[in-house]
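Single chain ahead, by itself, as structure tokens, in the form predicted alone.
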């Protein structure tokens, strides 16, 4: 059986969403950061970096959340989350790389400032700079969505899932995307899918407790 290692307050939620979309049987092995379970000898034997998530599927052991989703889509989502056509598959890879390299540094940067720092400690200059850099990325998404309403074709694919996972950081940090209505509609539809909501419902109480501890 597939095993997915990682807490519900980590990037493992990206892979849990994918597993639910694909309807696969899997075991979720939660790891408690506070107890350093990700640094245990048993886990380091699986992932020597001690990071999460990690996916174990037969002989394949993988890390990096967006890459794990590409693997799962390619192996188990042929013709659905993984398109049949070469161009569609290429766009899935393209947008996944884009999400990690272009969008995530800015989106996660906002999370660090808004969720992990008290207001007097926030770097407003950095926040403004990240907002300025985010706008052109959403302009680019708007152009892509003009064609089909999805990023890799006319149906929901791993491209949409991977980008939405990263855009969630913008959402959680209060970034207003209403100025990009196509992106806003796409995000609400994509992130609101039932497979993801199942995971987010499980995550919510754990995340709330974690934020209470972080914010004192």
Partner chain sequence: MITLYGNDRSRATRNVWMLEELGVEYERNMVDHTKGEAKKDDFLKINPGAKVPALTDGDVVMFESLAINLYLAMTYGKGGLWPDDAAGQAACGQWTMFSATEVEPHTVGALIELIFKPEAVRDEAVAQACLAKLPPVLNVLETTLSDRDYLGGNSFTAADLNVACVVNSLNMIGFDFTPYPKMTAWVKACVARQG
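Values in this document were obtained by computation on a predicted structure and should not be read as measured data. Numbering follows the first chain given and starts at 1.
The next section is about a form of this same protein that is not shown, the form predicted in complex with its partner chain.
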{"query": "Sole residue of 131, 145, 93, 111 within 4.5 Å of its partner chain in the predicted complex, by heavy atom", "finding": "93"}
{"query": "Contact residue in the predicted complex, from 66, 177, 166, 31 (heavy atom within 4.5 Å of its partner chain)", "finding": "66"}
{"query": "Option from 166-174, 43-51, 186-194, 148-156 whose residues, in the predicted complex, bring a heavy atom within 4.5 Å of its partner chain", "finding": "43-51"}
{"query": "Contact flag, residue 56 vs its partner chain in the predicted complex, heavy atom cut 4.5 Å", "finding": "no"}
{"query": "Residue 123 within 4.5 Å of its partner chain in the predicted complex, heavy atoms", "finding": "no"}
{"query": "Contact test in the predicted complex: residue 75 vs its partner chain, heavy atoms, 4.5 Å", "finding": "yes"}
{"query": "Non-hydrogen atom contact residue 86 with its partner chain in the predicted complex at 4.5 angstroms", "finding": "yes"}
